[in-house]
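Shown here is one chain on its own, the form predicted on its own, set out as structure tokens.
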């Protein structure tokens, strides 16, 4: 079972999407409201939603007909870095501090007990399906970073999984790792969606395929896939470090790191379109826009 949000008649609707693709609007404003009611009734979120939609008729619309929003208005989005070997190798390729035969900070954090966790986005900077992603104007080497996202409560309970796109400027971080916030955070640089798969309905979260496709002039120019079984760390391990001496809010999303990096010579361009697919969650699709051009046209 998945959770979606969409706009209908100028109002926001929360809905359950069952595995037979039937959509059931829910009488709640937000997924966390459902979580709290489920706990009051001593039921899992999945079982509670089943009781809510029992006997009701689903919508006659298809998912593709809906104007989808972010599936949850995450108060904060955090991200994990260098959790896959592919990510470590990419960071080492781009860094100006790489010296043959010597370890970099990326080598060390890959093997360290403490993972890299950084702040990625606020609700105002996060966009959902089909919304434009902006290119940072002072970077010449930008890529999407397809990731599995954990939707968690303030206590760190994983209530669901979503898709995240942790947009990244490889040249800015590569020049100096201390530039990481500038390489990661700008307007519309974080995307989540199109749905949240309830955690209890996922058989094995360490066996999820992630596929990234990038189109240019309607032609497929990049297509790569990976699997979450390649993740070096456990999800609860990443969550536990996020919670250490930190105030975490209900509905926070923690991105778990990228396992797909486009070829080193590739950079996104205005007009590209990015698709990130996780079977069982959906396809997160977004057009790419130049932030400079977007500003000029307003």
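All values reported here derive from a predicted model rather than from experimental measurement. Residue numbers count along the first chain shown, from 1.
Omitted from view is the form predicted together with a small molecule, to which the following refers.
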#### Entry: Listed residue that, although the small molecule is not shown, lies within 4.5 Å of it in the model of the complex (heavy atoms), from 150, 82, 190, 72
82
### Message
By the heavy atom within 4.5 Å rule, which residue out of 222, 180, 226, 199 makes contact with the small molecule in the model of the complex?
### Response
180
### Query
in the model of the complex, do 145, 184 and 257 all put a heavy atom within 4.5 Å of the small molecule?
yes
### Region of this chain that lies against the small molecule in the model of the complex, out of 122-130, 155-163, 82-90, 203-211 [heavy atom, 4.5 Å]
82-90
### 4.5 Å heavy atom contact, residue 110 to the small molecule in the model of the complex
no
### Task
State yes or no: in the model of the complex, is some non-hydrogen atom of residue 215 no more than 4.5 angstroms from a non-hydrogen atom of the small molecule?
no
### Task
Mark residue 118 yes when one of its heavy atoms lies within 4.5 Å of a heavy atom of the small molecule in the model of the complex, and no otherwise.
yes
### Task
Determine whether any heavy atom of residue 78 comes within 4.5 Å of a heavy atom of the small molecule in the model of the complex, and answer yes or no.
no
